[in-house]
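One chain comes next, on its own, written as structure tokens: the form predicted alone.
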């Protein structure tokens, strides 16, 4: 049975490929991003049940308008995916107020706006699925130069878990999930703030297809959180929390 799905950050990378794969299986989509040209092209390639809606997710009113447009178009929403995000390449001691503010606005506040926009609709229906796309870097300092990005994703994980606990008893059919990819073969690193001129996708990165496959499985089989590459990521998290000092010594070698 097809689902009505809203995806933010949909004009490229994980969001764009996720839209294509969901359209292939006849889900109905509302796609959101700032880049209207790219978003429109993607929506047309996905077919007649996919609609673009130009949105700046750092503005609460834009996110509310996105929700309203989705409900006007489809009458309901089954899944809302907060996928928009941006990275940074700057160490903690070099961060400015503006750096931290942007990371929090793009990676945390935008998702908060999405949660607060769609959750009343889910609560009224008694069901729905919220998915926040976070990062493996929220759990361990695998790339310290990502600093404020890592901190913002850690905050997103915490907000997601607390919302889930807030609603679990009264709304058991509302699913709230967090997705934690590791390095992914997209232009994310290239587009990060202060990215070096020679920045490129990590050669050992997980493919976008693999990440999208994991997210689609999460849509079909909801659970609180997933690592998109659990064989590697989960083992590293276990190592980190079992002996933080030892893990960090090994990372510095």
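Numbering follows the first chain given and starts at 1. Source: prediction; values computed, not measured.
There is also a form predicted in complex with a small molecule; it is not shown, and the following applies to it.
Student: Contact check in the predicted bound form: 5, 128 and 160 versus the small molecule, with a cutoff of 4.5 Å between any heavy atoms. Do all three pass?
Tutor: Not a single listed residue reaches the small molecule in the predicted bound form, so no.
Student: Answer with one of 79, 174, 148, 106: the residue that has a non-hydrogen atom within 4.5 Å of the small molecule in the predicted bound form.
Tutor: Result of the distance check: 106.
Student: Within 4.5 Å of the small molecule in the predicted bound form, counting heavy atoms only, one of 177-185, 118-126, 161-169, 90-98 shows up; tell me which.
Tutor: Careful reading of the contacts points to 177-185.
Student: Should residue 65 be classed as touching the small molecule in the predicted bound form when contacts are defined as heavy atoms within 4.5 Å?
Tutor: Result no; residue 65 lies far from the small molecule in the predicted bound form.
Student: I'd like to know if residue 14 sits close to the small molecule in the predicted bound form, meaning any non-hydrogen atom pair within 4.5 angstroms.
Tutor: Contact with the small molecule, yes.
Student: Check residue 225 for me: does it contact the small molecule in the predicted bound form (non-hydrogen atoms, 4.5 angstroms)?
Tutor: Taking the distances in the predicted bound form, the answer for residue 225 is no, it never comes within 4.5 Å of the small molecule.
Student: Taking heavy atoms and a 4.5 Å cut-off, does residue 191 contact the small molecule in the predicted bound form?
Tutor: Contact with the small molecule, yes.
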